[in-house]
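Taking the form predicted alone, here's one chain by itself in structure tokens.
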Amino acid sequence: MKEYRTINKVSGPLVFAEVDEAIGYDEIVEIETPAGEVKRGQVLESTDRFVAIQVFEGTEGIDRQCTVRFLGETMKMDVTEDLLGRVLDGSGRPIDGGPEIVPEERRDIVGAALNPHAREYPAEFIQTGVSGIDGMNTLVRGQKLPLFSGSGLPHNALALQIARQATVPEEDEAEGESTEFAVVFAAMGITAEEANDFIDDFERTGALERSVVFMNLADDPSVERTVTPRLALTTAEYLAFEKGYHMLVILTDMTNYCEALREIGAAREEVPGRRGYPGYMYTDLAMLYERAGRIQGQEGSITQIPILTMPGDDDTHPIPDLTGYITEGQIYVDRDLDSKGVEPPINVLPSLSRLMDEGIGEGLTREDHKGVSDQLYAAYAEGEDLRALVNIVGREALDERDNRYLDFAERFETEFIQQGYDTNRTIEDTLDIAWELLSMLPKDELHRIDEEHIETYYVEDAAETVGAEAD
């Protein structure tokens, strides 16, 4: 341990101190004030003459009289299976009134990069119980699938619903029991009200028993947000690859995380990149997102759902733009659907799950899932185009076929997407609703589904009813 009393500058969340030898990058630092208060920090930049330290608890009260101690190790997370059911702050310390953590291991929060050759391709379907995801943008175990949302939209309610309901149906049938994910929930820069809502929901539904919750609040130091997701992912890696859990990691809000990166970059006087964000933000985000996956020979897995609020609902903003390059798709939470009262307001048209084909596979369900999904997309897209046309020419100018597509688009939103945040649909329930809606259309319009499936699952009464109403 090395001690100095050589602080010469404080800038935002950073403290600069003179040293007489090079200090290790990412090394943990303790700063003791004259009043005896000890604050933790981490070496952000190091030369043989000075170091830049980012302070997790804020720099208030730090001056030239403070003692700086370099502990000779990088930041580590105390991990144990007993973390399940616990609520921690953004630095990994318990805030739930429970006992101190007795670790089984202490792990570096940066984590080791997964060997690409050792990765196992994600292939198991995850049933979230949400039709807009299961039916149209299937989540796969080991995938990273973000939620693209906007300020004020109910993305957190959707994330909590997924956390409560996630199962793997194939294993349920094989083992005769429900296979649930253990959840690591990391909140960054949220308000105290939001934090209370999260905890209340976890406790009300019993999900807290199988969850580890990290809370970094809006009034906590922003620099702490840079370590919160790493602490969460380190915990998930231990539970997944040492204890065999299937982990679902929910990170909200990644926009607040990136704002913390920008603040630190400005304090370091770095040359800014797009819209003032650091030029290395792509690499930084990739270091987090790529910690999802499966490893050959390991029973556990890590599935990630990062949540980000797009500034101005702009998906070309650097945060969603870079996230889209790294992850395997995205789920859009839509403001227009939310204003209509649709819960959850998932807009399936711009949403995408690149691993959906592998996840649903063959024989997962009794229907051609992919064909049904493609047909739903095509029909809903046509209905949306016709809505724009109706605004110009009026509905009376449309023929019976076009009116059927308009009716389909309306019922698709109110019956398929709309389900509330407490309804848990099986994939069979989702596909039954899909077939009932597709049966509103004539058979010769279903070009993307095999004829044998049409003959088996097409609901004749639905088409006749729609035709009679049109007449």
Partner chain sequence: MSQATQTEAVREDGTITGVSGPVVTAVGLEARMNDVVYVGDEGLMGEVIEIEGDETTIQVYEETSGVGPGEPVENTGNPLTVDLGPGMLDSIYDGVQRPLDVLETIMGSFLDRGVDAPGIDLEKEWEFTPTVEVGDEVGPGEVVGTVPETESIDHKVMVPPTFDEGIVAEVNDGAYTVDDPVVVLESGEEITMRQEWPVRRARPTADKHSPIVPLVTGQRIQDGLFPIAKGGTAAIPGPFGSGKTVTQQSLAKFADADIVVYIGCGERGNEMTEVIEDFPELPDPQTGNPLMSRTCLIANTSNMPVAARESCVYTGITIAEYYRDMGYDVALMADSTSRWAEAMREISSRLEEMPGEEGYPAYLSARLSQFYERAGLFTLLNGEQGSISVVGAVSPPGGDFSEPVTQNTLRIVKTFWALDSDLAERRHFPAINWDESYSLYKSQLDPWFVENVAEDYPELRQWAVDILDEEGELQEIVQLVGKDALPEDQQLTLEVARFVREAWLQQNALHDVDRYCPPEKTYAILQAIQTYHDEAFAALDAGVPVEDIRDASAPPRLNRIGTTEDYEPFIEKLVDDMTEELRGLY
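Residue numbers count along the first chain shown, from 1. Since the structure is predicted, the reported quantities are computational estimates derived from the model, not experimental observations. Under this definition, the rigid core comprises the largest set of C-alpha atoms superposing within 1.5 Å between the forms.
From this point on, the text means the form predicted in complex with the partner chain, which you will not see here.
In the model of the complex, the partner chain lies farther than 4.5 Å from every heavy atom of Asp63. Using a 4.5 angstroms limit between non-hydrogen atoms, Gly97 is distant from the partner chain in the model of the complex. The closest non-hydrogen atom of Arg204 lies beyond 4.5 Å of the partner chain in the model of the complex. Tyr25 belongs to the set of residues with a heavy atom inside 4.5 Å of the partner chain in the model of the complex.
The partner is not drawn, yet in the model of the complex one stretch among 159-167, 370-378, 76-84, 195-203 has residues with heavy atoms inside 4.5 Å of the partner chain: 370-378. The putative spot formed by Ala118, Phe241 and Arg448 is fully lined by the partner chain in the model of the complex; each residue has a non-hydrogen atom within 4.5 angstroms of it. Interface residue among Ala218, Ile101, Leu71, Leu352 relative to the partner chain in the model of the complex, by the heavy atom within 4.5 Å criterion: Leu352.
Among the residues Phe125, Phe148, Phe181, Phe214, the one placing a heavy atom within 4.5 Å of the partner chain in the model of the complex is Phe148. Along 267-282, a non-hydrogen atom within 4.5 Å of the partner chain in the model of the complex is carried by Arg268, Val271, Arg274, Gly279, Tyr280, Tyr282, in order along the sequence.
Put the two forms on the same core and the Cα of Glu18 is off by less than 2 Å between this form and the one not shown. Relative to the superposed core, Glu30 undergoes a Cα shift smaller than 2 Å between this form and the one not shown. After superposition on the rigid core, the Cα atom of Val43 is displaced by less than 2 Å between this form and the one not shown.
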